[in-house]
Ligand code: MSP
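Have a look below at one chain only, the form predicted alone, in C-alpha coordinates format.
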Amino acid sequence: MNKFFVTTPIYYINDVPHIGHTCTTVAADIVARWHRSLGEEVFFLTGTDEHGQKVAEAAEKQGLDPKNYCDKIAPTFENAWRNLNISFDHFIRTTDPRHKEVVGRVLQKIYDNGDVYKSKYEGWYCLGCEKFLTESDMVNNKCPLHPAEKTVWKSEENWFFRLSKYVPKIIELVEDEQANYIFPEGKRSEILAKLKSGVKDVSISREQVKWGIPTPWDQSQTVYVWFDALLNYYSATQFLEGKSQFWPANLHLIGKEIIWFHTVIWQAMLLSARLELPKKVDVHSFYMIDGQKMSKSLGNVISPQQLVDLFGVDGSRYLIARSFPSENDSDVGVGRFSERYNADLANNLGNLVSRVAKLALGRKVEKKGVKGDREFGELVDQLKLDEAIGWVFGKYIDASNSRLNSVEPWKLETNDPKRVEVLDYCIDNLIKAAVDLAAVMPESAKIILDCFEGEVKALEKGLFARIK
(Lines give C-alpha, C1' and ligand atoms only; values in the text may rest on other atoms or scores of the structure.)
Protein backbone atom coordinates (compact mmCIF):
# COMPACT_ATOMS: atom_id res chain seq x y z
CA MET A 1 0.00 0.00 0.00
CA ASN A 2 1.37 3.41 -0.99
CA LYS A 3 1.87 5.87 1.84
CA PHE A 4 1.05 9.59 1.63
CA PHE A 5 2.01 12.18 4.24
CA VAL A 6 0.42 15.65 4.01
CA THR A 7 0.77 18.56 6.44
CA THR A 8 -0.64 22.00 7.12
CA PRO A 9 1.53 24.57 8.88
CA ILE A 10 1.15 24.43 12.63
CA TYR A 11 -0.79 27.58 13.40
CA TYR A 12 0.64 30.17 15.74
CA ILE A 13 -1.41 30.23 18.89
CA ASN A 14 -1.38 33.95 19.68
CA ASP A 15 -4.80 34.24 17.99
CA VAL A 16 -7.91 32.19 17.20
CA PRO A 17 -8.61 30.47 13.83
CA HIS A 18 -9.68 32.57 10.84
CA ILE A 19 -10.41 32.01 7.16
CA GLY A 20 -6.71 32.13 6.26
CA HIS A 21 -5.96 29.14 8.48
CA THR A 22 -9.15 27.51 7.23
CA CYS A 23 -8.30 27.56 3.54
CA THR A 24 -4.98 25.76 4.08
CA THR A 25 -6.58 23.16 6.33
CA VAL A 26 -9.54 22.47 4.03
CA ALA A 27 -7.19 22.17 1.03
CA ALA A 28 -5.00 19.68 2.90
CA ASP A 29 -8.08 17.70 3.88
CA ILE A 30 -9.26 17.51 0.27
CA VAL A 31 -5.85 16.18 -0.78
CA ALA A 32 -5.82 13.68 2.10
CA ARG A 33 -9.33 12.41 1.34
CA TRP A 34 -8.52 12.07 -2.36
CA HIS A 35 -5.45 9.96 -1.65
CA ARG A 36 -7.40 7.76 0.77
CA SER A 37 -9.95 7.17 -2.00
CA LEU A 38 -7.08 5.82 -4.13
CA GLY A 39 -6.45 3.14 -1.51
CA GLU A 40 -3.35 4.82 -0.09
CA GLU A 41 -2.45 4.87 3.60
CA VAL A 42 -2.56 8.56 4.52
CA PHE A 43 -1.06 10.44 7.45
CA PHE A 44 -2.54 13.95 7.73
CA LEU A 45 -0.88 16.21 10.30
CA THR A 46 -1.95 19.60 11.62
CA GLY A 47 -1.57 21.40 14.95
CA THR A 48 -0.41 24.48 16.82
CA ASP A 49 2.89 26.32 17.29
CA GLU A 50 3.01 27.25 20.98
CA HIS A 51 6.41 28.75 21.86
CA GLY A 52 8.01 32.16 21.38
CA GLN A 53 7.71 35.76 22.42
CA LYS A 54 4.29 36.44 20.89
CA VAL A 55 2.71 33.60 22.86
CA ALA A 56 4.26 34.81 26.10
CA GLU A 57 2.95 38.35 25.44
CA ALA A 58 -0.55 37.11 24.56
CA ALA A 59 -0.62 35.01 27.74
CA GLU A 60 0.49 37.95 29.87
CA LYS A 61 -2.30 40.13 28.48
CA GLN A 62 -4.82 37.54 29.67
CA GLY A 63 -3.15 37.11 33.06
CA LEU A 64 -2.16 33.51 32.33
CA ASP A 65 1.11 31.65 32.32
CA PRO A 66 2.08 30.59 28.77
CA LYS A 67 1.23 26.89 29.16
CA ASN A 68 -2.24 27.58 30.57
CA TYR A 69 -2.80 30.07 27.76
CA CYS A 70 -1.81 27.45 25.17
CA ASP A 71 -4.08 24.88 26.80
CA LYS A 72 -6.92 27.38 26.45
CA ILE A 73 -6.32 28.34 22.80
CA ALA A 74 -5.19 25.04 21.21
CA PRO A 75 -8.67 23.46 21.48
CA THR A 76 -10.18 26.35 19.50
CA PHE A 77 -8.14 25.22 16.49
CA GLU A 78 -8.76 21.52 17.01
CA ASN A 79 -12.50 22.07 17.50
CA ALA A 80 -12.70 24.39 14.47
CA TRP A 81 -11.24 21.66 12.27
CA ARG A 82 -13.50 18.98 13.71
CA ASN A 83 -16.50 21.24 13.04
CA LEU A 84 -15.40 21.45 9.39
CA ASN A 85 -15.10 17.65 9.16
CA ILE A 86 -11.31 17.83 8.77
CA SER A 87 -9.98 14.27 8.76
CA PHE A 88 -6.60 14.90 10.41
CA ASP A 89 -4.82 11.88 11.89
CA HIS A 90 -2.90 13.77 14.55
CA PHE A 91 -3.10 17.24 16.08
CA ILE A 92 0.41 18.13 17.21
CA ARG A 93 1.26 20.73 19.85
CA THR A 94 4.83 21.94 20.21
CA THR A 95 4.44 21.93 24.00
CA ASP A 96 4.13 18.13 23.79
CA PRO A 97 7.14 16.68 25.72
CA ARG A 98 7.60 14.09 22.98
CA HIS A 99 8.05 16.83 20.38
CA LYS A 100 10.49 18.68 22.64
CA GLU A 101 12.60 15.55 22.99
CA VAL A 102 12.88 15.12 19.21
CA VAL A 103 13.73 18.83 18.75
CA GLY A 104 16.58 18.52 21.24
CA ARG A 105 17.88 15.37 19.56
CA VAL A 106 17.86 16.82 16.03
CA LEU A 107 19.41 20.14 17.02
CA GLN A 108 22.14 18.34 18.96
CA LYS A 109 22.90 16.40 15.79
CA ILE A 110 23.13 19.66 13.79
CA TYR A 111 25.44 21.05 16.48
CA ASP A 112 27.59 17.90 16.51
CA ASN A 113 27.93 18.11 12.72
CA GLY A 114 29.66 21.47 13.14
CA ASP A 115 26.85 23.60 11.73
CA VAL A 116 26.27 25.80 14.81
CA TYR A 117 28.45 28.62 16.17
CA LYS A 118 28.05 31.57 18.54
CA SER A 119 27.95 35.12 17.24
CA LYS A 120 26.41 38.53 17.82
CA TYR A 121 23.64 39.83 15.60
CA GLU A 122 22.33 43.34 15.17
CA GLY A 123 19.49 44.28 12.89
CA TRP A 124 15.80 44.99 12.39
CA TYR A 125 13.50 42.43 13.94
CA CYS A 126 9.77 41.95 13.37
CA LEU A 127 7.98 41.02 16.58
CA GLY A 128 4.96 39.87 14.55
CA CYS A 129 6.94 37.47 12.32
CA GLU A 130 9.46 36.69 15.08
CA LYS A 131 12.35 37.01 12.63
CA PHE A 132 15.21 39.33 11.73
CA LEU A 133 14.54 41.24 8.52
CA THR A 134 16.78 41.81 5.52
CA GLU A 135 16.54 44.96 3.41
CA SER A 136 14.59 43.04 0.76
CA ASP A 137 12.05 41.95 3.41
CA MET A 138 11.16 45.51 4.39
CA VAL A 139 9.02 48.24 2.86
CA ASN A 140 9.94 51.77 3.99
CA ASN A 141 12.19 50.19 6.63
CA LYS A 142 9.28 48.29 8.19
CA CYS A 143 7.82 44.80 7.98
CA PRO A 144 5.02 44.94 5.36
CA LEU A 145 2.96 42.28 7.17
CA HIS A 146 2.71 43.94 10.59
CA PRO A 147 2.22 47.41 12.11
CA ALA A 148 5.26 49.71 12.07
CA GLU A 149 5.74 49.50 15.84
CA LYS A 150 6.36 45.74 15.52
CA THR A 151 9.66 46.40 13.70
CA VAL A 152 12.40 47.03 16.29
CA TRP A 153 16.20 47.16 16.35
CA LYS A 154 17.71 44.20 18.20
CA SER A 155 21.19 43.23 19.27
CA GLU A 156 21.77 39.72 20.65
CA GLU A 157 24.46 37.13 21.09
CA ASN A 158 22.99 33.88 19.84
CA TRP A 159 23.85 30.51 18.42
CA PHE A 160 23.83 30.59 14.62
CA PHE A 161 23.13 27.92 12.02
CA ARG A 162 25.39 27.69 8.94
CA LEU A 163 22.56 28.18 6.47
CA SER A 164 24.95 29.60 3.86
CA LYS A 165 26.81 26.26 3.76
CA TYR A 166 23.75 24.54 2.27
CA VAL A 167 22.66 27.23 -0.20
CA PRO A 168 24.48 25.67 -3.22
CA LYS A 169 22.74 22.34 -2.60
CA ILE A 170 19.35 24.00 -2.17
CA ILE A 171 19.83 25.99 -5.40
CA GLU A 172 20.59 22.70 -7.12
CA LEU A 173 17.38 21.21 -5.72
CA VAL A 174 15.24 24.20 -6.70
CA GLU A 175 16.66 24.21 -10.23
CA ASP A 176 16.01 20.48 -10.67
CA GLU A 177 12.90 20.50 -12.87
CA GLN A 178 12.27 16.81 -12.21
CA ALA A 179 12.25 17.31 -8.45
CA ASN A 180 10.29 20.58 -8.77
CA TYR A 181 9.69 20.58 -5.04
CA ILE A 182 8.31 24.15 -4.86
CA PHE A 183 5.10 25.02 -6.68
CA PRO A 184 3.45 26.99 -8.24
CA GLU A 185 6.24 27.94 -10.62
CA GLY A 186 6.12 31.64 -9.70
CA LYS A 187 6.99 30.82 -6.08
CA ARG A 188 9.86 28.59 -7.19
CA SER A 189 11.31 31.42 -9.30
CA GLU A 190 10.96 33.82 -6.36
CA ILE A 191 12.94 31.57 -4.01
CA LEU A 192 15.61 30.88 -6.62
CA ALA A 193 16.18 34.60 -7.17
CA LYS A 194 16.47 35.23 -3.43
CA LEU A 195 18.91 32.34 -2.99
CA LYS A 196 21.15 33.67 -5.76
CA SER A 197 21.15 37.19 -4.32
CA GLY A 198 23.09 36.03 -1.27
CA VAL A 199 22.11 34.27 1.96
CA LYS A 200 23.45 34.84 5.46
CA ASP A 201 23.53 32.41 8.36
CA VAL A 202 20.56 32.56 10.74
CA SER A 203 20.15 32.62 14.50
CA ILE A 204 19.00 29.32 15.96
CA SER A 205 18.46 30.54 19.54
CA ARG A 206 17.21 33.46 21.63
CA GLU A 207 18.74 34.75 24.86
CA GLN A 208 15.81 36.86 26.09
CA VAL A 209 12.86 34.64 25.20
CA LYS A 210 12.20 32.32 28.13
CA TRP A 211 9.07 30.62 26.74
CA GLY A 212 10.67 27.99 24.54
CA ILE A 213 12.68 24.77 24.45
CA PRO A 214 16.13 25.15 26.05
CA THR A 215 19.02 24.85 23.60
CA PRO A 216 20.49 21.36 24.25
CA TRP A 217 24.13 22.54 24.56
CA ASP A 218 23.38 25.90 26.25
CA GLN A 219 20.54 25.99 28.78
CA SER A 220 20.79 29.80 29.07
CA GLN A 221 19.15 30.19 25.64
CA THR A 222 15.95 28.83 24.09
CA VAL A 223 15.49 27.42 20.61
CA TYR A 224 14.28 30.01 18.09
CA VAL A 225 10.58 29.32 17.63
CA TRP A 226 10.89 28.61 13.90
CA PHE A 227 13.51 25.91 14.39
CA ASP A 228 11.26 24.33 16.98
CA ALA A 229 8.12 24.66 14.83
CA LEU A 230 9.51 23.30 11.57
CA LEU A 231 10.61 20.10 13.29
CA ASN A 232 6.99 19.19 14.08
CA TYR A 233 6.63 17.58 10.65
CA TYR A 234 9.45 15.18 11.46
CA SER A 235 8.90 14.78 15.20
CA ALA A 236 5.34 13.48 14.80
CA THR A 237 6.62 10.61 12.67
CA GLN A 238 9.15 9.73 15.38
CA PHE A 239 7.04 9.68 18.53
CA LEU A 240 3.78 8.31 17.10
CA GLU A 241 3.72 4.55 16.88
CA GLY A 242 3.88 3.18 13.35
CA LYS A 243 4.40 6.57 11.65
CA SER A 244 8.17 6.55 11.08
CA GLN A 245 7.74 5.00 7.64
CA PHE A 246 5.78 8.08 6.50
CA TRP A 247 8.86 10.31 6.52
CA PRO A 248 9.65 12.24 4.33
CA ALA A 249 6.45 14.25 3.82
CA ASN A 250 4.87 14.01 0.38
CA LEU A 251 3.34 17.47 0.63
CA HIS A 252 3.63 20.54 2.86
CA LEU A 253 0.85 23.12 2.34
CA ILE A 254 1.82 26.64 3.42
CA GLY A 255 0.95 30.31 2.92
CA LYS A 256 3.34 32.54 1.00
CA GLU A 257 4.42 34.51 4.09
CA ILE A 258 6.35 31.48 5.40
CA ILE A 259 7.87 30.29 2.13
CA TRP A 260 11.50 31.06 3.07
CA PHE A 261 11.35 29.02 6.26
CA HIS A 262 9.77 26.00 4.55
CA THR A 263 11.70 25.90 1.28
CA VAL A 264 15.16 27.05 2.40
CA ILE A 265 15.77 26.95 6.17
CA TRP A 266 13.81 23.69 6.62
CA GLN A 267 15.69 22.01 3.79
CA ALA A 268 19.05 23.16 5.17
CA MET A 269 18.20 21.87 8.67
CA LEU A 270 17.33 18.46 7.25
CA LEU A 271 20.47 18.36 5.11
CA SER A 272 22.58 19.20 8.17
CA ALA A 273 20.86 16.51 10.27
CA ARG A 274 21.29 14.00 7.41
CA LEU A 275 17.53 13.45 7.09
CA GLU A 276 15.50 12.96 3.91
CA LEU A 277 13.87 16.05 2.40
CA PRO A 278 10.12 16.53 1.85
CA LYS A 279 9.01 15.92 -1.73
CA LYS A 280 6.74 18.91 -2.43
CA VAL A 281 5.89 22.29 -0.90
CA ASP A 282 2.76 24.02 -2.19
CA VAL A 283 2.76 27.76 -1.55
CA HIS A 284 -0.58 29.53 -1.76
CA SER A 285 -1.45 33.21 -1.61
CA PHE A 286 -3.77 35.20 0.68
CA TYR A 287 -7.44 35.96 1.06
CA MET A 288 -8.59 39.54 0.66
CA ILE A 289 -11.94 40.39 2.25
CA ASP A 290 -13.98 42.57 -0.11
CA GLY A 291 -10.81 44.08 -1.54
CA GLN A 292 -9.07 44.69 1.80
CA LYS A 293 -6.46 42.78 3.76
CA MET A 294 -7.88 40.90 6.75
CA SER A 295 -7.46 42.91 9.92
CA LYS A 296 -8.96 42.73 13.41
CA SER A 297 -8.95 46.54 13.54
CA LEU A 298 -11.08 46.66 10.38
CA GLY A 299 -13.39 43.99 11.78
CA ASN A 300 -13.36 42.00 8.53
CA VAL A 301 -11.89 38.74 9.84
CA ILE A 302 -14.07 35.73 9.00
CA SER A 303 -13.94 32.76 11.37
CA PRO A 304 -14.57 29.14 10.36
CA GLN A 305 -17.57 29.03 12.70
CA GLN A 306 -19.14 32.00 10.90
CA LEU A 307 -18.87 30.09 7.63
CA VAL A 308 -20.42 26.95 9.10
CA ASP A 309 -23.27 28.92 10.68
CA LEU A 310 -24.09 30.54 7.33
CA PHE A 311 -23.39 27.80 4.79
CA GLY A 312 -23.18 24.52 6.69
CA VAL A 313 -20.13 22.27 6.82
CA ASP A 314 -20.06 21.04 3.21
CA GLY A 315 -21.13 24.40 1.85
CA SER A 316 -18.24 26.06 3.69
CA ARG A 317 -15.76 23.47 2.44
CA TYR A 318 -17.00 23.96 -1.12
CA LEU A 319 -16.74 27.74 -0.96
CA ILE A 320 -13.22 27.59 0.48
CA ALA A 321 -12.12 25.19 -2.25
CA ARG A 322 -13.65 27.25 -5.07
CA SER A 323 -11.94 30.40 -3.78
CA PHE A 324 -8.64 28.78 -2.76
CA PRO A 325 -5.91 31.40 -3.40
CA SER A 326 -3.59 29.09 -5.29
CA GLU A 327 -1.31 31.40 -7.29
CA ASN A 328 -2.82 34.84 -6.65
CA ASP A 329 -4.62 36.51 -3.77
CA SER A 330 -8.34 35.68 -3.76
CA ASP A 331 -10.98 38.30 -3.00
CA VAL A 332 -13.83 36.85 -0.93
CA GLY A 333 -16.56 37.98 1.42
CA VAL A 334 -19.89 36.83 2.82
CA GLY A 335 -21.78 38.42 -0.09
CA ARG A 336 -19.64 36.69 -2.71
CA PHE A 337 -19.87 33.40 -0.84
CA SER A 338 -23.68 33.66 -0.68
CA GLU A 339 -23.95 34.29 -4.42
CA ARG A 340 -21.72 31.34 -5.25
CA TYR A 341 -23.48 29.04 -2.79
CA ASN A 342 -26.89 29.81 -4.30
CA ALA A 343 -25.69 29.58 -7.90
CA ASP A 344 -23.57 26.43 -7.63
CA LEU A 345 -25.07 24.42 -4.81
CA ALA A 346 -28.70 25.43 -4.25
CA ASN A 347 -29.76 26.25 -7.85
CA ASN A 348 -27.44 23.89 -9.72
CA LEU A 349 -26.27 20.73 -7.92
CA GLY A 350 -28.95 20.64 -5.24
CA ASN A 351 -31.76 21.33 -7.70
CA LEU A 352 -30.46 18.70 -10.13
CA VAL A 353 -30.30 16.01 -7.44
CA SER A 354 -33.83 16.83 -6.27
CA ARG A 355 -35.31 16.80 -9.77
CA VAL A 356 -33.64 13.56 -10.85
CA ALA A 357 -34.51 11.78 -7.58
CA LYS A 358 -38.14 12.79 -7.91
CA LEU A 359 -38.39 11.73 -11.55
CA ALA A 360 -36.54 8.42 -11.00
CA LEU A 361 -38.09 7.49 -7.64
CA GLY A 362 -38.06 3.71 -7.11
CA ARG A 363 -35.94 3.06 -10.20
CA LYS A 364 -33.32 0.29 -9.86
CA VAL A 365 -29.74 1.48 -10.28
CA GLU A 366 -26.81 -0.88 -10.77
CA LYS A 367 -23.74 1.27 -10.31
CA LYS A 368 -20.96 -0.27 -8.27
CA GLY A 369 -17.23 0.29 -8.13
CA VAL A 370 -17.20 3.75 -9.71
CA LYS A 371 -13.74 5.24 -9.28
CA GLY A 372 -12.67 8.87 -9.14
CA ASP A 373 -11.51 10.60 -12.29
CA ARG A 374 -7.79 10.86 -12.99
CA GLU A 375 -8.22 14.39 -14.39
CA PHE A 376 -9.87 15.57 -11.18
CA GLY A 377 -7.17 13.96 -9.04
CA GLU A 378 -4.33 15.52 -11.02
CA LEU A 379 -5.81 18.98 -10.51
CA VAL A 380 -6.29 18.30 -6.78
CA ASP A 381 -2.64 17.25 -6.46
CA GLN A 382 -1.65 20.54 -8.09
CA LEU A 383 -3.91 22.37 -5.59
CA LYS A 384 -5.92 23.76 -8.51
CA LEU A 385 -9.07 23.18 -6.50
CA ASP A 386 -11.32 25.67 -8.29
CA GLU A 387 -10.32 24.15 -11.62
CA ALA A 388 -10.82 20.61 -10.31
CA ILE A 389 -14.34 21.31 -9.06
CA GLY A 390 -15.15 23.28 -12.20
CA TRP A 391 -14.09 20.26 -14.25
CA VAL A 392 -16.55 18.02 -12.34
CA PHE A 393 -19.40 20.52 -12.66
CA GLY A 394 -18.81 20.99 -16.38
CA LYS A 395 -18.51 17.30 -17.20
CA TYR A 396 -21.29 15.95 -15.00
CA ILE A 397 -23.54 18.58 -13.40
CA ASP A 398 -23.90 21.19 -16.13
CA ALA A 399 -24.07 18.52 -18.82
CA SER A 400 -26.88 16.75 -16.94
CA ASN A 401 -28.88 19.93 -16.42
CA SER A 402 -28.53 20.77 -20.09
CA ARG A 403 -29.70 17.32 -21.23
CA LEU A 404 -32.54 17.30 -18.70
CA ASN A 405 -33.84 20.68 -19.83
CA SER A 406 -33.54 19.68 -23.47
CA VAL A 407 -35.41 16.36 -23.20
CA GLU A 408 -37.93 17.49 -20.53
CA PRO A 409 -38.59 13.97 -19.17
CA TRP A 410 -41.34 15.24 -16.85
CA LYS A 411 -43.48 15.63 -19.97
CA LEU A 412 -42.90 11.99 -21.03
CA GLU A 413 -44.49 8.71 -19.94
CA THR A 414 -42.64 6.71 -17.28
CA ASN A 415 -41.48 4.00 -19.73
CA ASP A 416 -40.71 6.30 -22.65
CA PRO A 417 -37.21 5.36 -23.90
CA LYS A 418 -36.18 9.03 -24.05
CA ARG A 419 -37.17 9.53 -20.40
CA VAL A 420 -35.39 6.34 -19.31
CA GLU A 421 -32.24 7.27 -21.25
CA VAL A 422 -31.94 10.83 -19.89
CA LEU A 423 -32.58 9.76 -16.29
CA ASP A 424 -29.98 6.98 -16.56
CA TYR A 425 -27.55 9.53 -18.00
CA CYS A 426 -28.16 12.00 -15.16
CA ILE A 427 -27.97 9.34 -12.45
CA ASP A 428 -24.72 8.02 -13.89
CA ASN A 429 -23.29 11.54 -13.94
CA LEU A 430 -24.41 12.33 -10.41
CA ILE A 431 -22.79 9.16 -9.06
CA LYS A 432 -19.52 9.97 -10.83
CA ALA A 433 -19.65 13.58 -9.61
CA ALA A 434 -20.32 12.44 -6.05
CA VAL A 435 -17.33 10.07 -6.10
CA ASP A 436 -15.03 12.95 -7.11
CA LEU A 437 -16.64 15.56 -4.87
CA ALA A 438 -16.50 13.27 -1.81
CA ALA A 439 -13.09 14.79 -1.09
CA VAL A 440 -14.64 18.27 -1.03
CA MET A 441 -18.13 17.67 0.37
CA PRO A 442 -18.03 14.23 2.04
CA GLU A 443 -21.47 14.28 3.68
CA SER A 444 -23.29 15.67 0.64
CA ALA A 445 -21.55 13.16 -1.62
CA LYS A 446 -22.72 10.35 0.66
CA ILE A 447 -26.31 11.63 0.47
CA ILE A 448 -26.15 11.61 -3.34
CA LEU A 449 -24.65 8.12 -3.48
CA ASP A 450 -27.20 6.78 -0.98
CA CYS A 451 -29.97 8.35 -3.06
CA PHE A 452 -28.92 6.80 -6.37
CA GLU A 453 -27.36 3.47 -5.49
CA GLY A 454 -29.64 0.44 -5.46
CA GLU A 455 -33.16 1.84 -5.64
CA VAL A 456 -33.59 5.59 -6.15
CA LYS A 457 -34.82 7.15 -2.93
CA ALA A 458 -36.54 10.45 -2.26
CA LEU A 459 -34.58 13.16 -0.51
CA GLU A 460 -35.96 13.92 2.93
CA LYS A 461 -35.12 17.58 2.34
CA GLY A 462 -33.31 19.64 -0.25
CA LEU A 463 -29.58 19.05 -0.46
CA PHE A 464 -28.66 22.73 -0.25
CA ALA A 465 -31.21 25.28 0.95
CA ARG A 466 -31.00 28.72 -0.65
CA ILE A 467 -29.34 31.50 1.33
CA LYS A 468 -31.37 34.70 1.46
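Position 1 is the first residue in the sequence shown; the rest follow in order. Here the structure is a predicted model, which means the values were calculated and not measured.
This next part talks about the form predicted together with the ligand, which is not shown.
- Checking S316, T263, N232, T215 against the ligand in the predicted bound form, a heavy atom within 4.5 Å turns up for just one residue: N232.
- The partner is absent here; in the predicted bound form, the one residue of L84, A321, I254, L307 having a heavy atom within 4.5 Å of the ligand is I254.
- Contact with the ligand in the predicted bound form, defined as any heavy atom within 4.5 Å, is confined among 178-186, 342-350, 283-291, 198-206 to 283-291.
- Taking the partner from elsewhere, no residue among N79, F88 and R93 has a non-hydrogen atom within 4.5 angstroms of the ligand in the predicted bound form.
- Taking the partner from elsewhere, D436 is found to have every heavy atom lying beyond 4.5 Å of the ligand in the predicted bound form.
- In the predicted bound form, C23 approaches the ligand with a heavy atom inside 4.5 Å.
- Although the partner is absent here, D29 sits far enough away that none of its heavy atoms falls within 4.5 Å of the ligand in the predicted bound form.
- Contact check for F452: every heavy atom lies farther than 4.5 Å from the ligand in the predicted bound form.
- Scanning 1-22 for heavy atoms within 4.5 Å of the ligand in the predicted bound form gives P9, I10, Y11, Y12, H18, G20, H21 in sequence order.
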